[in-house]
Structures are given as C-alpha cells and as structure tokens.
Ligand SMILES: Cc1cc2nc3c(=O)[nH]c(=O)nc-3n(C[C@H](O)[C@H](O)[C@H](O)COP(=O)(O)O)c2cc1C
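So this first bit is one chain, no partners, the form predicted alone, shown in structure tokens.
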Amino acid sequence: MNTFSGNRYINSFEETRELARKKLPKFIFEYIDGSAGTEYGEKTNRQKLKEIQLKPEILKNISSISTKQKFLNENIQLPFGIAPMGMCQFVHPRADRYLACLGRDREIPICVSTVASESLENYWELSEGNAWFQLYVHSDINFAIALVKRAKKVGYKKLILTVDVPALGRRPREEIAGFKVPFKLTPQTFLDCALHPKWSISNLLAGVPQPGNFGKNAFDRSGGRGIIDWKFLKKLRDLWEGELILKGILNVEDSVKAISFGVDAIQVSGHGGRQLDSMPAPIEMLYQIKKELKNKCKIIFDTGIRSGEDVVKAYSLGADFVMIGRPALMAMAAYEKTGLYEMVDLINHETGITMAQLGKTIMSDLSMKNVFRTPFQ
C-alpha cells in the first residue's frame, strides 16, 4: 500500500463540499453540485452505494497491498482516474492545468472534456501523455471528426464517446441561481460575485472562461447533441485506431449492442445524476451489466464515488476501472491544487485500508465474494 503521511486540509468529501459551498459563488456551486430534476436519481444511487455491505476477512497476509491497476494496456498507479468534466475553469481558472499536472504526477488518466478550458494539445503536453480524450458531438459532426483527428495526431490512445446527453438535462438549482453559458452578469450574479471577492478577482484576472478546443467556433451549451446514432459509432470505430470507450450506458441491452460495434470498454455512468432524475442507480446497473457481459468487455464505472470504500464496492460489483468527478472539483474549490492532490491521495489511501479489511492485496482480487449484502440482489 502506498505510504500516506496524512493530509493537511482534506479529511472527507463531505467536509470539503461544505467548504466549497462557502468559497464559491452560489451559481457556480449549484452548477457543479446540482443534479437533474428533484435530484432523486443522484440521491438514490448514493444511498444504494452506502447500503452495500462488504465482507471482512481475517488472518490474511496483507503486508503488501497495491492499489495500482492495469487497464487497457496502461499501468495506472492508482485505482481510479478523473472523469471528463467540462468548464472546470468556473471552479478555478487553472483547474484544467491542475488536473493535467495531477495526471503527470500521479500517473493516472485524466479524461479531457471536449469543452475543457485547455486545448487537447495542451492537456496532452501538460499531463505528459496521461490523458484520454472525451468527445461530445454537438450539431456539427464535421467539427467532431476534426477533433478526433486532432487527438489522433497529438498521440491520444483512448477516445471516450459520451452518449448520455442527447439533450442537456434540466438542473433547477443552477437555473434558479443564474448559471448560464456564455456567462452573463446579472444583478443576481453580480451580488453573488461581490460576496465572494477572492473567486471573483482570480477569475477577473484570468479573463472570461472559454473552451480551449473550439477556437473561433462558438460553443452553445444548450445546442442539440442528439444528432449521433449507432451509425456514427461505426464510423468512429473505423476512424479511431486506438481504444474506444462508450460512456453513459445504463441498461444491459445497450451494453450488449455496444460490444457488437467493437468498443474496447463501456462506461456505466449516470452522468453524475445530471441528466435523468428517474435514472436507474448506476451502481445497480453495474451489477446487472457485469452479470450479463461477464468478461466479454471491460467496464468503467463512475457516478457517486466519494471515498475509497466506494471505489472498492465498484470493483467488487464488476468494474475494471473507476472514475471520480465531483470530489476533484470540490477539492479544487476548497484548496486549489493542494486540495486536488490531497483528495486523490486520501481516496487512494482509503481504498488500501478497505482492501486490508477484506484480506485483499491487489485490485483484481476484488469480486462479488467480498460483498456481504446489496440493496438490489
């Protein structure tokens, strides 16, 4: 198990989230923390994660524990990466640079969003190749194909096609708080910014946040994204020579169909609960999809991961790799780059401690045998 000398600032996701709430303007916090509709879907997934009980095993030799993981021909130093998250610069103007540096320093994959504030070229250079590119397809398919060709030229080996945003989910909390893209200063948001001078000054000095991959092409967050279909996936598979990951699968049928199109991995994801209030709990769908696919395809899991125990639960229920999202954003909001690194190190440390309790020494040893009870079996 990697040595852990203890964090100076970050002790838990919940504590960090509350500090982020205080430091960020309300309209920014609601954007990163909010979910679709009544937020029932996001809360249900978290509740089911909490209710999973792991099975401790005693008198196992756990003197040497490793949380490293090999996934799709990459040796990854931690059991998780950072999920693609757009517009991170609203949390901190250097957020994407911090994430890229994290990839380099911790040797984990950072999933570069199409709407990241840094270009895919800068991300690749800053992360020293510890980056995967995530593709959103808006109304212009030709522009999307051009992005894929850019990623291929730069050297990216993994491409993630996000398919669970055919239309942008309605997130009432951010609407009520006044969050809009492009950013518009209203009396409401002006007062909000005035009450958070440190955030406002740092962002004022950095300039108006702009997506780094669009150049002169205007980014319309509300624009249609439902233009792609299975035919597009086939076209993308023919074009992309590296590993192809399909992100946003929440049913068994789609996972089976995805395999027939030659994807290298599927990503079971509820988009952080931000798309469909009535979604099935992604952690339950991970269990169901794994039962159906067995080992026919690699599975990544994200949505709701907040701790090392959550990481172990996801692996035990069938994940081959895990991604985290909100913990990284909340940590940067609370303590900038230091917070990000401490949050990642804490979750990794908790993962190792949990494995020790289960009598496991490597991630690949985790399975349903380590689960005592789930709320959905």
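Residue indices: 1-based, along the sequence shown. What you see is a predicted model; the values in this text were computed from it and never measured.
Not on display, but discussed next: the form predicted in complex with this ligand.
Checking 65 to 73, 317 to 325, 52 to 60, 340 to 348 against this ligand in the predicted complex, the stretch whose residues place heavy atoms within 4.5 Å of it is 317 to 325. Of the heavy atoms in S113, some are within 4.5 Å of this ligand in the predicted complex. Interface residue remark: I32 is counted as part of the site for this ligand in the predicted complex, having a heavy atom within 4.5 Å. Using a 4.5 angstroms threshold between heavy atoms, K298 stays clear of this ligand in the predicted complex. Taking non-hydrogen atoms only, G178 never approaches this ligand to within 4.5 angstroms in the predicted complex. For the candidate set P93, G169, G272, G212, a heavy atom within 4.5 Å of this ligand in the predicted complex is found for exactly one residue, namely G272.
Contact annotation: of the candidates A83, A281, L159, I289, the single residue with a non-hydrogen atom within 4.5 angstroms of this ligand in the predicted complex is A83.
In the predicted complex, not one residue of 53 to 81 has a heavy atom within 4.5 Å of this ligand.
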